[in-house]
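Just one chain follows, in the form predicted alone, and it is written as structure tokens.
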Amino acid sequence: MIEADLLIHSAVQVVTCASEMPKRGAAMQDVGLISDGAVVVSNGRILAIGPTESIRERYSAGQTINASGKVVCPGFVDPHTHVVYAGDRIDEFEQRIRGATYLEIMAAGGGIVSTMRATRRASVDELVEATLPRLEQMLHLGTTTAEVKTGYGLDLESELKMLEAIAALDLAQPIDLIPTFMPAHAVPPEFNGRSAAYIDWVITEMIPAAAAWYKKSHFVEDGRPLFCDVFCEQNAFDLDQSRRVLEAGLAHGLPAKIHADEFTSLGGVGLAVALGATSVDHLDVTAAEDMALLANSDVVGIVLPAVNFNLGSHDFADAHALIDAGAAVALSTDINPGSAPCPSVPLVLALATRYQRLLPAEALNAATINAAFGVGLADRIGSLAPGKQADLLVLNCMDFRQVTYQFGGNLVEVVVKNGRIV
């Protein structure tokens, strides 16, 4: 009998979402289901997984969970968030209800720049204090790993302050955070009408400083990357500016991500593919030819239905057309104060099944294994397999599809992070 730390047994379903590559096409409908399943955990890693009877014959543990009548699945990976910020944008929420569009508010000096003002005023400690409750909500709703972007500082001091806050938050709570440097989120007021000059500053001063910060951070030792991102969009940055930012990031060892095709298509998908980006995110107005381009690449397409829902839009990214084309599709909350104040991956799954016609299995794979590929860490998270981090959920239901079928509540009963019940 092999002694382990934790044994979860008798689950009506263990859903592994296991795959050595991003799931595409028909593979998105396979969640790797084991009936009457069990998972064994030792030293924060999954030691074994399989039918309960065979697992209990070989393993015992100091701590056990009887998951009878429950579902066990991987912890959710949220691959696109702006969860670190100060203030809120409730006034803009009301403006949109009255008919103002996101781009109109942004052009009038609101939007990202509004959050920038509050974030610049906040200290690192204040950013940490404001963000911890949001991360606690995300954890209770099943998120065990989240990517987190800067982009609300828009000057060197404030962007580095956001990186410091992300690092402090990573050490202060259970969710593993993956930092992304995104000073090219919007043009700050001091550079109004001079976006080219701002991009020059981002490239010559800000990206080198972020790369230097990263080399001294604890993320390096843990093998977590620092990504570089840019908002390729009307009223933000054009295709050439976006290329320059991402190429500068790559030159400093920062893998690329890109916001593209949210409102207008400027060629961001082609840029992501050409540069070998880890992901291209939003994809609300992506054309069929760009879907095919994405499908023939290793770039993960991350769709963000909570944004469309929050903006009151009926035009969601055509996620199923992306899947049918053969693209690797992931889902994320995009939690942020303006376009998606949403901490809930389960709600995103519910939206994706209803408005983007994803099957429950497709949605779950998109929020686990494919999302893990979307942050470059699928070798350690996103599925249940021997050797991987023991990041898993016990759901209070008898069928994994319930997590997409039900909405407005929370079926997550137990969260296990790095083998520890949190």
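Residue numbers here begin at 1 and follow the sequence given. Note that the structure is predicted; figures quoted are calculated from it, not measured.
Keep in mind the form predicted together with N-(iminomethyl)-L-glutamic acid (NIG) is missing from the figure; the text below concerns it.
- For the marked spot (Arg89, Tyr152 and Asp334), a heavy atom within 4.5 Å of N-(iminomethyl)-L-glutamic acid (NIG) in the predicted bound form is present in each of the three residues.
- Proximity to N-(iminomethyl)-L-glutamic acid (NIG) in the predicted bound form, taken as heavy atoms within 4.5 Å, picks out 338-346 from the listed stretches 159-167, 338-346, 237-245, 120-128.
- Under a 4.5 angstroms non-hydrogen atom cutoff, N-(iminomethyl)-L-glutamic acid (NIG) in the predicted bound form lacks Asp261 among its neighbouring residues.
- Taking non-hydrogen atoms only, Ile112 approaches N-(iminomethyl)-L-glutamic acid (NIG) to within 4.5 angstroms in the predicted bound form.
- Contact annotation: Tyr102 falls within 4.5 Å of N-(iminomethyl)-L-glutamic acid (NIG) in the predicted bound form, judged by heavy atom distances.
- In the predicted bound form, N-(iminomethyl)-L-glutamic acid (NIG) lies within 4.5 Å of some heavy atom of His80.
- For the stretch 276-301, the set of residues having any non-hydrogen atom within 4.5 angstroms of N-(iminomethyl)-L-glutamic acid (NIG) in the predicted bound form comprises only His282.
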